[in-house]
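In structure tokens, one chain follows: the form predicted on its own.
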Amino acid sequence: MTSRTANMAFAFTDEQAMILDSAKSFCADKSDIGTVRSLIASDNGYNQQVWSEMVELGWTGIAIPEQYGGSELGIGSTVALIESMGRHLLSTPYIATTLASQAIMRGGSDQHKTHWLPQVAEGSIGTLALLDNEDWGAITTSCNLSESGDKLILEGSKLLVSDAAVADFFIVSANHNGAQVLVLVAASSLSPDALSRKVLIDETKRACTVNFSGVEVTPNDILPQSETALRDIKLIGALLIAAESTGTCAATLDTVVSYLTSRIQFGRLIGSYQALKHPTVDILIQMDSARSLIYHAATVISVQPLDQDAEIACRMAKAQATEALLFAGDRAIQFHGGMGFTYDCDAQLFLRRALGSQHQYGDAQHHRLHLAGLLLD
């Protein structure tokens, strides 16, 4: 059997350390649990002023080349930032926009990059519209591009489009001439009733069903390297959700430890009981494993099309991180007893995030199915 896991490179650069340092204090200051709860009832689910401050800090340009207004630190450098956002449940269009810009960088023409990447660095919001159903394992799409003179007409809808209500542009997967392509669609091209807001189990996030039927585009709006870009952004999406989940797992552990070391039952701190100690240690071990995997993936990923090492790393990170968070969220509910099942208990926020994150860009079972083929002869 040939080993596929020989490359276990891990590097935490000075730039990543600086980003993590800055992100820790920023996210803690801007997204305490009271703020998180207050934004649940808002239309967009995030504070526009906080987004503007993130843009001013240069975070939207971290992975964008300098020639397009970014700092060219690479997609791996966003992992430290997104982990901190996850730890404080700071929800913004950052992940969706980062993935949309990656699609343009990896699949777009020079014209696409010159027009859109500087706008992203300056705060424009993008998102991906990939799902025709709720199965991230689907490899086909029912959305079509039909010819009408020198124009192309989109037909079809997309489900669970993150931050669609605030997006300035969409990257849409569609069939064209027998191939699956990615099409760049400006939000201004959509009809007023194209967006239908959906309620997610993770109430800190926002998504819509988007009807693209009748939207006119040109052949120039198709990303020329669509196949490579589509494959890469699904893997990068898995990595970024894994980073966010790892951060949220740390927040869940903090909540668990705080409760176990303050709640007294039968004259003893409940944290003194082994039945609660051991699962808490299991949360820590699973979280640290996830953290190692997300930073390994951040190390091996690059601006080039993702190779097999990068694919393995992204899939391993997603499988481990989301299962770690799911276990932590479940234990947090159970340890809080009857109060844990109430809406007032913060533990439910973490479990909701776990349930939502688990299925984004493929669940653990999906990624392990692919890993079996990559790792085993």
Partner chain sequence: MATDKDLQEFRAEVADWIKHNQPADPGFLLPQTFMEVGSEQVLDFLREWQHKVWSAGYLGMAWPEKYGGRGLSPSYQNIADEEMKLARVPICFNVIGLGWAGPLILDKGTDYEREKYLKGILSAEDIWCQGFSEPNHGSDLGSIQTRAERDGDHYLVNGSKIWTTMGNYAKYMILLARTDSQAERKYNGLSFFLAPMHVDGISTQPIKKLTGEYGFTETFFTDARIPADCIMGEEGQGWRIAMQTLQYERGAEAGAAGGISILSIVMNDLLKMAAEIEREGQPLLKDPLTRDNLVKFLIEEKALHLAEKRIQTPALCADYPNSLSLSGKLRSTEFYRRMRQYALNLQGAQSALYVGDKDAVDGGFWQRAYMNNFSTTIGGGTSQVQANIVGEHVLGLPKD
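Positions refer to the first chain, counted from 1. Everything quoted here is computed from the prediction, not taken from an experiment.
A second form of this protein, the form predicted together with the partner chain, is not displayed here; the remarks below concern that form.
For the three marked residues, L269, S292 and A319, a heavy atom of each sits within 4.5 Å of the partner chain in the predicted complex.
Residue contact with the partner chain in the predicted complex: S25 places no heavy atom within 4.5 Å of it.
In the predicted complex, at least one heavy atom of R352 sits within 4.5 Å of the partner chain. Using a 4.5 angstroms threshold between heavy atoms, M339 counts as touching the partner chain in the predicted complex. Under a 4.5 angstroms non-hydrogen atom cutoff, the partner chain in the predicted complex has L326 among its neighbouring residues. Figure note: of the listed segments 224-232, 172-180, 270-278, 103-111, the one touching the partner chain in the predicted complex, with heavy atoms no more than 4.5 Å away, is 270-278. With the partner omitted here, the residue from Q67, S52, S38, Q334 that has a non-hydrogen atom within 4.5 angstroms of the partner chain in the predicted complex is Q334. Screening L253, A165, L73, I153 for any heavy atom within 4.5 Å of the partner chain in the predicted complex leaves a single hit, L253. The single residue of 69-90 lying near the partner chain in the predicted complex is R87, the criterion being any heavy atom within 4.5 Å.
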